[in-house]
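In structure tokens, one chain follows: the form predicted on its own.
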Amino acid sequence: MNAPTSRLVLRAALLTLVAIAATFALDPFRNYQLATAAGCFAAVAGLTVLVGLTGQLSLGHAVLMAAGGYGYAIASTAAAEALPGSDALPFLAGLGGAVAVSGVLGLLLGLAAARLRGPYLAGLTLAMVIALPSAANVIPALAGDQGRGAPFFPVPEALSSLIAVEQWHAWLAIAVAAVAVTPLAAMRRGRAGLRMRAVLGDETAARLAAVDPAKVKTGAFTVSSLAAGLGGAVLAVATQSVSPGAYGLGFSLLLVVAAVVGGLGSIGGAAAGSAIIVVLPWLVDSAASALPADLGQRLNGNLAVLLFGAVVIAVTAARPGGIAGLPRRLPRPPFTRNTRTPETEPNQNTER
């Protein structure tokens, strides 16, 4: 492991510890929101790298999260039945199932993405979102519209007197998100990121530089899918269930909103965007509940969509780089130069 990668891993470990420490200052509902935001962060980080570095627009990352959630639920349930009384092994088996299912689906999509461009790829991923409820009814393992349940992992006995179950799930979510996002950050800074930028800039020039655009696009889609699958596993841990209705078109578009608002290609921007799409709907619903009943019912669900649309338009128009681009656009203090010239400086010879 080279020095830059070591520093990146150390920084990721420190941020993970800070996030875990922050859970002690939150109530159970806020810890549940934090776990949800961590799952979305893993998926949005993969999406922002995919779109920002290779230009492949995916409108169906919610399906990849659902694939990870179903893989987690099926594998962890089977492991829990085979190993009763154990929590760690079923949890790890569930993560393995999430990686396997989302990785295979992402590889297939990546092979198609290598031949599709622009609206055709977006249309393919959008069709997957629309087809998810039908697929859940056709495939017996997905258990139809009601979805599948996932095992409940209680707080370990050593920690049961210190933390609540929501805080424990937030710890698990933060750790899994760190495992999913840190390789993306390393890839973004390494040679793989350079190849992706080369393909995004000019595919012909990339081929002349011995870079295969098809392999780069397929690899980027696969890695992005793995992160989304782990994000889906995080949501399955937090909610103990996976259903097709939770991963519909609206949720898939929210992931795109988080990537755009945060700043395409930015891991830090993905974290900020994920927090926004989790907290803002809750704030809107809380505000709508304070309105008169008739008006609140009409605005319920619609006001959040309206606000997200307005935020995307405002960010695109005013700050195309998203939240990640704000530090580069902040006004700098004026540069003070020495205005004294040889004519204004005192002439020591004439003063004598």
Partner chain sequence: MPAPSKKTALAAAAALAAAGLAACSTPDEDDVPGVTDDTVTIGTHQPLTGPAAAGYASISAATDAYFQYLNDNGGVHGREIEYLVKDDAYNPSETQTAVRELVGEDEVFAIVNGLGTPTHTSVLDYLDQQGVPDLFVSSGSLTWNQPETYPNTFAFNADYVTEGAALAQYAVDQNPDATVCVLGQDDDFGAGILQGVETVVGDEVAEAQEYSSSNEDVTAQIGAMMAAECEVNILGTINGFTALAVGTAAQMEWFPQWYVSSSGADYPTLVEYLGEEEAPLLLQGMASVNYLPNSPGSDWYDLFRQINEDYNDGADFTGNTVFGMSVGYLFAEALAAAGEDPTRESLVAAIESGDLAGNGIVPLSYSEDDHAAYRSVGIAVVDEGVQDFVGTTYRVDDGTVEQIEADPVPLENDGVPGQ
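Positions refer to the first chain, counted from 1. These figures come from a predicted structure and were not determined experimentally.
Although it is not shown, the form predicted together with its partner chain is what the next lines describe.
The candidate spot formed by 112, 115 and 252 lies out of contact with its partner chain in the predicted complex, as no residue has a heavy atom within 4.5 Å of it. Proximity to its partner chain in the predicted complex, taken as heavy atoms within 4.5 Å, picks out 237-245 from the listed stretches 80-88, 237-245, 220-228, 118-126. Its partner chain in the predicted complex is not approached by residue 202, whose heavy atoms all lie more than 4.5 angstroms from it. Contact annotation for residue 32: at least one heavy atom lies within 4.5 Å of its partner chain in the predicted complex.
Of the heavy atoms in residue 28, some are within 4.5 Å of its partner chain in the predicted complex. Residue contact with its partner chain in the predicted complex: residue 167 places a heavy atom within 4.5 Å of it. Contacts of stretch 110-145 with its partner chain in the predicted complex, defined by any heavy atom lying within 4.5 Å, are made by 137, 145, listed in sequence order.
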